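Before any questions on how it binds or moves, here is one chain, the form predicted alone, in structure tokens.
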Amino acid sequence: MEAIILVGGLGTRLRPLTHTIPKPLLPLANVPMVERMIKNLPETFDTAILAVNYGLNEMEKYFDGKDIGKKIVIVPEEEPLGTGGAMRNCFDHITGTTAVFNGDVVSSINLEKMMKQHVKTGAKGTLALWEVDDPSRFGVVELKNGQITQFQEKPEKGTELSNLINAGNYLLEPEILEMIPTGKKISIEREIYPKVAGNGLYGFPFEGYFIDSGTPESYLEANFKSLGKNGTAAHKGASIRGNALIHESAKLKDCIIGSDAIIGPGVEMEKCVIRKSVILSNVSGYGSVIEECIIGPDVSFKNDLTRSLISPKGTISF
């Protein structure tokens, strides 16, 4: 089976970081988010199809000759095609039921359970659904007996059909993808799914966590969620306080790391306190307290930092 991963976005909300690293190649707990998503696919999926616009060269270079246990097919978009157009652009590479993922979503969804429901219901399409407290900022679905009957865009409070929103993970039969015009910019959420509502489009509500990692705050949250409880137990140059991950190549001296801190490859730091932060590759620092920050790659610092995103292209606070 094939899984399409939509990784063509510009990552504008994570600038300036994404000026130098395409968002899909930003690490989550020291593993690029698109690679982590591929590795987490069930064994049923032997092929990952990457729909790419921005960052095509970097994506091709990263996966060239790399073995991560799945066949990787990179499908370029000369112009951005939207979610639907990007899926249709991959049509020649699918063989049947296909999973589709938004490449910046980190969630606890059980894809195997979702697949079982999809087969049992005979669905044309199954959409993962997430419950929110305030649906007025989103598009919601009406769900009756497991089937999506209609969509409602940003309902006023008290008028919402439900609190269930699209979670950016789908199982689709080829007939859904064939409904999408070729070579055109199409939103499958706005232009295709409403046409199938009430006629074989099902929902799969799930619990746990759902993170759109496209902002500095949510990117930090996605990193800490990906870290889980698999952090570094000890490091000769650091006192570890709570959950933290330190890359084996990092060189630390007299540092306090954690809780919720991720240190990337090639990092060199001395007399630093790092907590609730992600330090990317080849960063050097001295005598600083770093909290709620994203730093790197290839950055040097000596000043205390709080709630910042720092890259070679500049610094912003969030």
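Numbers for residues come from their place in the sequence shown, where the first is 1. None of these values were measured; they are calculated from a predicted model.
Keep in mind the form predicted in complex with a small molecule is missing from the figure; the text below concerns it.
With a 4.5 Å cutoff on heavy atoms, G11 counts as touching the small molecule in the predicted bound form. In the predicted bound form, the small molecule sits within 4.5 Å of a heavy atom of L81. In the predicted bound form, none of the heavy atoms of E173 sits within 4.5 Å of a heavy atom of the small molecule. The small molecule in the predicted bound form comes within 4.5 Å of no heavy atom belonging to S226. This chain lacks the partner; the member of G103, G203, P135, G231 within 4.5 angstroms of the small molecule in the predicted bound form by a non-hydrogen atom is G103. The contact with the small molecule in the predicted bound form, taken as any heavy atom within 4.5 Å, belongs to A86 out of I148, I246, A86, A222. Contact annotation: the small molecule lies within 4.5 Å of heavy atoms from the stretch 103-111 in the predicted bound form, the single such stretch among 103-111, 136-144, 158-166, 236-244.
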